[in-house]
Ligand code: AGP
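Next up is one chain by itself, shown in structure tokens, the form predicted on its own.
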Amino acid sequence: MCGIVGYIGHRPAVPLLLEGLSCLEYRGYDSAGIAFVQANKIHTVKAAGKLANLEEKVATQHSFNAMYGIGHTRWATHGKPTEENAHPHADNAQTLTIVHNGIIENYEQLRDKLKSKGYFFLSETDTEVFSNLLSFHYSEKKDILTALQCTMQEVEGAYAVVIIHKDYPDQIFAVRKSSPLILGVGQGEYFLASDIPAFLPYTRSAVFLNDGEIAKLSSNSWEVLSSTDLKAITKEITTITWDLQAAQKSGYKHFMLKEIYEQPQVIHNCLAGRISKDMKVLLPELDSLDIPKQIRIVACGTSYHAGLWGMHLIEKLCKIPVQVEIASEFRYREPLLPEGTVVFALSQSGETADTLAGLRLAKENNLQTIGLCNVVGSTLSREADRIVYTQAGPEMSVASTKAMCSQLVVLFLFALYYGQRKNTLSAKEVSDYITDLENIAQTLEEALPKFHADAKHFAKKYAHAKSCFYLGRGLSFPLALEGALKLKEISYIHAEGYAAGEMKHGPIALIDKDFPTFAIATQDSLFAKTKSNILEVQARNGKILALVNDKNDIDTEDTWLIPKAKDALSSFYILPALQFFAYEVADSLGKDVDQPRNLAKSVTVE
């Protein structure tokens, strides 16, 4: 979602704010702005569109020597993506200015209340309601922390807010509730950000703020307070182990392309430290928990597709019933959650609002929860009973690629881990699966350049389709869903993923010569069934691009050959092929691959 930066220290603030916002562009945004204090006056510069527009406006202004300030990239929720709606937003009295991520759910009632007291509003945003409500309480309490405490008691929803105030020179205040906010601790300088890359060039020391905590920064100190009683809280400083180079393009045209190519290394990283010398799976995070009687996987988007894939494998290898839930539906049902159910919450960022809400629902029902997450210190990692990190490294492209690969590896490890604990798998079976997993990384690395070249070839032929199907069966069905999602996300071509056997139940009516189908037809136990579904499409003059292990297996318009692998391991070839295809189609159409329209990296609001 939106990106927040804040800085106070010994360097000029404006260049640092712009640099920090640039590091957060991958999150998706439609406008940007900064605010800083100079000569006891709050200056604000905002622009619609890309960050370059803001940088151009800043460059035309007088030189700035402010040593602290705040910045924001906005992804529109309330109000159109205009300069008026861009952050930062001031109060009517121009005494304070804030940036805000999240949604204030009761903003209409609060706005009406403030209007009755004479306040006016210049934007359509819920953020301006927060700034004026804070100003109202400050006018009564004459203390910013008490005013912030009162504001938090009235505001409903998710938010991370950073504040500068004329009456508190050389200080920045921040608060979070259900929206990520991280404090970077440097030498005589401090940072606030939605994500670590914004301050990583300057410090690796991070403090992760929890819900209801207030951060108070000056140029030579920082502290975190409880919003309940405004008393100081002792916080742990976490050292970030990855560097900025891991979050840069390294010569690739787009982050997405780089991250597809990183998947062999991701497989290595996911396995690191999790395989014993005697070829058993080590997940010490789970050793003290009982074996689940059943599992609910709660996730959204790509993580949901990974969960569907994991369901197949877990049920097959360790005979535990699994149900996969779309988090945004799960949280609003009254799900039956029997004793012994363990809820797996999957989220790359660990900040996905609906997934976190599903996790909290599980905890309210006294169920054990396990988080599967890529981001150390994220909300999911702190709230789940146990956390298993996917260790994929920073993923910058909005369209997820290597994160899904890492989720598949860890879900595979879950299946093997519970299989060895339940004795549904023999020691030899576990050892063989582990060996195959370890070997797949090397063969995948060798295969990726050919996959990429093939994707370029097929993209030229299919890039101008208006709609298409992706078909798969068994473990390939979730991959068909993911392939369709990737194409939709970055090329804006309408695509739908289907279980191949469902084609006859309605969708096949859409097939004609201008409606292509991408079929995953690798050699597995369901190959003959998938081949029959392909023949049904061809009988209706539909063009087929088939992903196969042997070009003699099937006679289609186009066949895309990938290496053969045992059972589920084939998925680690199929997935990057689908990703390369979507990437090349989008790139050939001139789309903004890393920052597709209307999308954000982390969906931190409903």
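The structure displayed is predicted, hence computed values, not measured ones. Numbering starts at 1 and runs along the sequence shown.
FYI, the form predicted together with the named molecule isn't displayed, but the following is about it.
For the named molecule in the model of the complex, the listed stretch (99-107, 152-160, 203-211, 480-488) containing residues with heavy atoms inside 4.5 Å is 480-488. Though the named molecule is absent from this view, in the model of the complex it lies within 4.5 Å of a heavy atom of just one residue from 400, 379, 533, 131, which is 400. Checked against the named molecule in the model of the complex, the residues 349, 179, 476, 125 give one hit for a heavy atom within 4.5 Å, which is 349.
Contact annotation: residue 431 falls outside 4.5 Å of the named molecule in the model of the complex, judged by heavy atom distances. Although the partner is absent from this view, residue 391 stays clear of the named molecule in the model of the complex, with no non-hydrogen atom inside 4.5 angstroms. The closest heavy atom approach of residue 198 to the named molecule in the model of the complex falls outside 4.5 Å. Interface residue remark: residue 269 is not counted as part of the site for the named molecule in the model of the complex, having no heavy atom within 4.5 Å. Contacts between 301-316 and the named molecule, taken as any heavy atom within 4.5 Å in the model of the complex, involve 301, 302, 303.
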